[in-house]
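What follows is one chain in structure tokens, specifically the form predicted on its own.
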Amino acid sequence: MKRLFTRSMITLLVIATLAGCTSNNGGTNASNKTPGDTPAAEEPQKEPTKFSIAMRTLNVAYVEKSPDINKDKYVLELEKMTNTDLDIRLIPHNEYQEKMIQMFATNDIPDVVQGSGGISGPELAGAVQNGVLLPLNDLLQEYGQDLLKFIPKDAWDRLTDSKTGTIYGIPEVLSNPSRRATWIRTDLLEKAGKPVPKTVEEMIDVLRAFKEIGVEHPFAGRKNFKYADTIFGAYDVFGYNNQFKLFPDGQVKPSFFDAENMKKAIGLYKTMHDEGLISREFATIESTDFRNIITSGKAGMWSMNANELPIWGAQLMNNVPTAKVALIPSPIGPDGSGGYAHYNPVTRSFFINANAKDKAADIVKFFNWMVSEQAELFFSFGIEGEDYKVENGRPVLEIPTDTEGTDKLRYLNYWLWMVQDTTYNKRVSSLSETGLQMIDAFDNMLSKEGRRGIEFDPRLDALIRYPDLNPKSDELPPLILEHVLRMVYGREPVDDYEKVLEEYLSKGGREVIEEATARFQAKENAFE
């Protein structure tokens, strides 16, 4: 139980007023500022640069509850430090792709647009190819040298047209692609008298034991298997856009073409559904309800990003003081491996509208500031004197344990900090027991698990031509997903899965496979 999350440790940390971080960085006093950190100080006479920016809410409660994010005191502080005047336009998390496409279709495009990854994501609606977005090479050379040094090449590659070498976006990076983890309530595990499950069979055994002791959601399911794809991971059949595989016949296909393992995975989900180990309504559970189920103490086991451990753990224990939660190795399948689909090295990206050319230099400076020490301190701890204080030249933060405080910290650490290594916040995480457990999980467990496939970026043309075959970043293609859900719900036989593959092939799948194989062999924007 090395990673055990105990309330006593959190309480101890709060009472102890917390140690300062190991860095000797001070607060935001003028004496601590560095020239590169303070554009406003460098150009005090200049008017703030006004620009609009479209940002996905990312299901961040603080953002979604804000009456006006543009009047939020942290946004105002950010504007003060960067000499900007932001007009943030929120895109609802669950309507992101539709709203983005609508935005480009109506030509109502802000000065800066947040993408979800590379230059050809469906949310961009072909904006790069249509010349809507500004090439950034020269601007980065002149105003973004810190960005160029901070962001690794493989992340820049995702924002670059490989044929011309033109960079179109500024990426937020993820240095550890294995981000999602398997979580378990260890207090319930102890009550059920079970060890930590290592295989999918042991996982089912634990879920049955959870049900016997009255756990309402032994496994927390979610719509379209998002953050509920543990079994698909054990059998290596995710089928997402970055989960193509080279099959023995020499063809590159989506991983769900491994029919034998796919049927085993679907069969286990059906067992979980039939026995009530996963909610019978899981196929309609949205992200907010999913989170509420877990943090209210109704779930025994689930999947979520590991960097949420300090915040979700604190909220869970606020509601259920006896709760203990741990990140555990994901259950393994027949090949001895498991885990979740690796992320690509870019989690968010930011593009500048070609019509905003006159202010583009200042916009690049804004993002360049994001990788400064001053930015790291602000986004980690907040406003000096309000959220933290400086003692002996070191910032001292009282880590919040209530929902309001943890939501605010997540907003600062994660959402408002637009360009960073988003694997975890080292400054804040190093201050708490759960944070240290999370770091240990990333460095020593998650780095050794997960599934990495072949990804095509830009997407295959055939996938764009056939929307029913086009997977989202972490969802099966609509055609496959619909049949899989019907099988789990008992409306189609699992043994008919080969017929589903035949339908996929007949509706454009052959073109998908032919194009995938050709691009992989030609090494044309095929990432492994």
Partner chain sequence: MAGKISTAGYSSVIPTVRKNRLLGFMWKYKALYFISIPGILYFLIFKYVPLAGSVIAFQNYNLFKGISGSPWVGLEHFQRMFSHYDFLNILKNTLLLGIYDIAFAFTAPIILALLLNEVRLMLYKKIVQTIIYAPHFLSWVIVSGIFVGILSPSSGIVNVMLGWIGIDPIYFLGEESYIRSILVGSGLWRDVGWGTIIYLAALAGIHPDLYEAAEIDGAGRWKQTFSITLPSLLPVITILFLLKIGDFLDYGFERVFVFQNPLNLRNSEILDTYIYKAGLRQMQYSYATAIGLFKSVVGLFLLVIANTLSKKATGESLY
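Numbering follows the first chain given and starts at 1. Here the structure is a predicted model, which is why all the values come from computation and not from measurement.
Not on display, but discussed next: the form predicted in complex with its partner chain.
Among the residues Ala306, Val200, Ile184, Leu124, the one placing a heavy atom within 4.5 Å of its partner chain in the predicted complex is Leu124. A heavy atom within 4.5 Å of its partner chain in the predicted complex is found for one listed residue only; from Asn224, Ser116, Asn318, Ser372, this is Asn224. Picking from 437 to 445, 174 to 182, 394 to 402, 91 to 99 the stretch near its partner chain in the predicted complex, with a 4.5 Å limit on heavy atoms, gives 91 to 99. The three marked residues, Leu76, Ile352 and Lys359, fail to reach its partner chain in the predicted complex, with no heavy atom of any inside 4.5 Å. Not displayed here, its partner chain is approached by Leu463 to within 4.5 Å at the level of heavy atoms in the predicted complex. Taking non-hydrogen atoms only, Asp495 never approaches its partner chain to within 4.5 angstroms in the predicted complex. The closest non-hydrogen atom of Lys507 lies within 4.5 Å of its partner chain in the predicted complex. Using a 4.5 Å cutoff between non-hydrogen atoms, Thr284 counts as a contact of its partner chain in the predicted complex. Although its partner chain is not shown here, in the predicted complex the stretch 232 to 267 places no heavy atom of any residue within 4.5 Å of it.
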